[in-house]
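Given as structure tokens, the chain that follows is alone and in the form predicted on its own.
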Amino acid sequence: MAEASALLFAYCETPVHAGTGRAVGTVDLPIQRERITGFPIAQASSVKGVLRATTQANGADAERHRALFGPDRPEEASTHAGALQVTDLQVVLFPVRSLAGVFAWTTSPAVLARLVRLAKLAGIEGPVDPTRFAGLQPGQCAVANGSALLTPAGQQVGVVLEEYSFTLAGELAGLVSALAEWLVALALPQTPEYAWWRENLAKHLCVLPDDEFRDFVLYATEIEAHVRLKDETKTVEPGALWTTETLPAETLLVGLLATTRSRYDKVNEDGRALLGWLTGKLDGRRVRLGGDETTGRGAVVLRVARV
């Protein structure tokens, strides 16, 4: 049983391709998604591999690393299990093109309910009561007062995302501001280069009904076309055209880290001590997640939130 837990946030600085391999569909190389909701994810096995490679260490830290992740050598895998448990990374904020303010960070009541549930497991008070947004009707959205997304929509002021317009649920503006404050404090990187993001999150944050949010995460990801050229002629080889799907930059993901007492006989530490060591190695760290690293894909910044 886990003795300590923490939230792991991953902020995408470049498009991320955590893929599923080749598929039969409109996109040749799609990203990983939940079967039920269709929401984008990064599967736990991929995330744990990144964390393992990022925290490789020497000396006493090498023993602690083995206690967390298990033996490196396959022939020793049966000696003991690692103490670290990692969940899939789920989407929290998904960027969508906006008529005003350039882009919006969108989320939904179901996504916020999941975030609150994960925060509870980590012993952290959630940002807002997600049921307060359950009354959002189709075509409605909630933004903070003074939002940069507001634009004239007929006789009213509303929000236009892609080619869809939304009216405002003005009574929820205070909740959106509270959500933004929580995310700025716990989820966004705290380094100086992220000052703009921390100052502008509230102005660009938009809570949508679940159905509308699902449609954006299904159909508003980035699709890249690739070709392979012949060396001799520099023309496209027959059949060498394929498409790749990526999560857009500015997406925010969240998962859970949990640790048990060490099962490695050379490290006698409880889960809280091991999680503390891991937090020091990961918090604020830039890593690469998913494929196409050599073309700049997969740059994310990690935040670890724990009590």
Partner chain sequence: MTTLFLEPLDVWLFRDGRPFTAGQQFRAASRFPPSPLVVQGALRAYHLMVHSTVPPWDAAAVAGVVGGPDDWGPLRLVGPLVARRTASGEFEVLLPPPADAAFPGRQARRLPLPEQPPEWLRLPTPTPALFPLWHAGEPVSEKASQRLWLRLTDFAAYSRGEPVPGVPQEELWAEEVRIGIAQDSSRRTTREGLYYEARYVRPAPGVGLLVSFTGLDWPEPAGVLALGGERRSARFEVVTSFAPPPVPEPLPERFVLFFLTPAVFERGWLPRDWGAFFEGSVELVAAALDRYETVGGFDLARGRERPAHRAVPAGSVYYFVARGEARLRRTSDLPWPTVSDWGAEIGFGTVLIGGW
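Numbering follows the first chain given and starts at 1. Given the structure is predicted, the values throughout are model-derived calculations rather than measurements.
Below: the form predicted together with its partner chain, not depicted.
Look at 100-108, 196-204, 117-125, 160-168: in the predicted bound form, residues with non-hydrogen atoms within 4.5 angstroms of its partner chain sit in 117-125. Judged against its partner chain in the predicted bound form with a 4.5 angstroms heavy atom cut-off, the residues 34, 83 and 288 are in contact without exception. For the options 249, 44, 273, 57, the residue carrying a heavy atom within 4.5 angstroms of its partner chain in the predicted bound form is 44. Not displayed here, its partner chain is approached by residue 293 to within 4.5 Å at the level of heavy atoms in the predicted bound form. The closest heavy atom approach of residue 78 to its partner chain in the predicted bound form falls within 4.5 Å. Shown alone here, residue 26 lies farther than 4.5 Å from its partner chain in the predicted bound form, counting heavy atoms only.
Its partner chain in the predicted bound form comes within 4.5 Å of a heavy atom belonging to residue 260. Along 239-257, one residue reaches a heavy atom to within 4.5 Å of its partner chain in the predicted bound form: 256.
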